[in-house]
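Single chain ahead, by itself, as structure tokens, in the form predicted alone.
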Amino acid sequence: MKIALLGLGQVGRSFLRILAENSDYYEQRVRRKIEIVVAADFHHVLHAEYGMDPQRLLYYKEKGDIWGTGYPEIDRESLFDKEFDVLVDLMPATSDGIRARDLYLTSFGKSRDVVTACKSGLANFWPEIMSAASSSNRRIRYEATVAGGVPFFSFIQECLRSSVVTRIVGQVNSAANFVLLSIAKGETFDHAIEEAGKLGILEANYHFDTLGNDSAWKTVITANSIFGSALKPHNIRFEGVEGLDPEVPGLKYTRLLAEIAVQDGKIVASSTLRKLKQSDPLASLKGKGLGYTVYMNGRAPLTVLEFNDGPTETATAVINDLLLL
């Protein structure tokens, strides 16, 4: 399987590290090798017809310039002139999602599948992207968009086929909740942002996290994917964590949570600040990690949690989507 890897930030570097360490194992599992034939960051697009060494890419990226790998550089406009099977989008989100939409539509039109960890395109243009994939007979996988390394869409779509899902509540943005709980402990907003950056859990534009955009995007993707709606971010109510007063009663029990439910036959979605009971499984995340609870007709709810979720876990979900393809 030949891939074009776009984006070598924290998730992209984790992707390279994992692939370098486990490529032989993955090849044994699926009897195909994942080969990076195009690799791009903000400055360069490199191409190697017979594949690149992920360890070599990682080494030079961490030194600051992938141009040092010696792989030939190409123009961005010639990306789809090169032969590859899957486009992997690990680039930073844009507020309007247009970059991602156009990239995916072009990929489908050029007979390429897509694996993405980028949220804004799917959140803003879900019907257009899914329709284009279907009409082109291509596939798009997006496990890493909502819950990082937590098995979310795969779990619900494969393990809960016999159940009628009626409601999902999740902590889908660890950065915002980390900042919220840091403020509740008396830390400044700026210090909380600095610490979240060290953990590698912030978007390139951290305001996407702290103003609530990221969680809203994930809420919309969940609603559209699991419940078959066609929501966009402006259709839902969402909040962020900027400007919180640390003296607000119960702030340490408050979380920014996504919620999607079927009410009177309609899909209702929001991403808002809510107080949790200490007995709620989501409260055990303590602001870090990601997780969700799925409510279903006629059976007990199920909760899936990952207590520390970061670039490595997200990259693992991306690679899992490639293996499933």
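Not measured: the values here are computed from a predicted model. A residue's number is simply how far along the shown sequence it sits, counting from 1.
What follows is about the form predicted in complex with another copy of the chain, which we do not show.
Margin query: Is it the case that K275, even though its partner is missing from this view, gets within 4.5 Å of another copy of the chain in the predicted bound form, heavy atoms only?
Written below: No, no contact at 4.5 Å.
Check: Is there any non-hydrogen atom of Y26 lying within 4.5 Å of another copy of the chain in the predicted bound form?
Finding: Yes, Y26 lies within 4.5 Å of another copy of the chain in the predicted bound form.
Next item on the list: Determine whether any heavy atom of I226 comes within 4.5 Å of a heavy atom of another copy of the chain in the predicted bound form, and answer yes or no.
Entry: Result yes; I226 sits at the interface with another copy of the chain in the predicted bound form.
Next item on the list: Mark V164 yes when one of its heavy atoms lies within 4.5 Å of a heavy atom of another copy of the chain in the predicted bound form, and no otherwise.
Entry: Close contact exists here: in the predicted bound form, V164 approaches another copy of the chain to within 4.5 Å, heavy atoms only.
Next item on the list: Given that the partner is absent here, state which listed stretch (263 to 271, 59 to 67, 294 to 302, 43 to 51) has heavy atoms within 4.5 Å of another copy of the chain in the predicted bound form.
Entry: Within 4.5 Å of the partner lies stretch 294 to 302.
Next item on the list: Could you run down 149 to 178 and flag each residue that has a heavy atom within 4.5 Å of another copy of the chain in the predicted bound form?
Entry: Heavy-atom contacts within 4.5 Å come from G149, V150, P151, S154, F155, E158, C159, L160, R161, S162, S163, V164.
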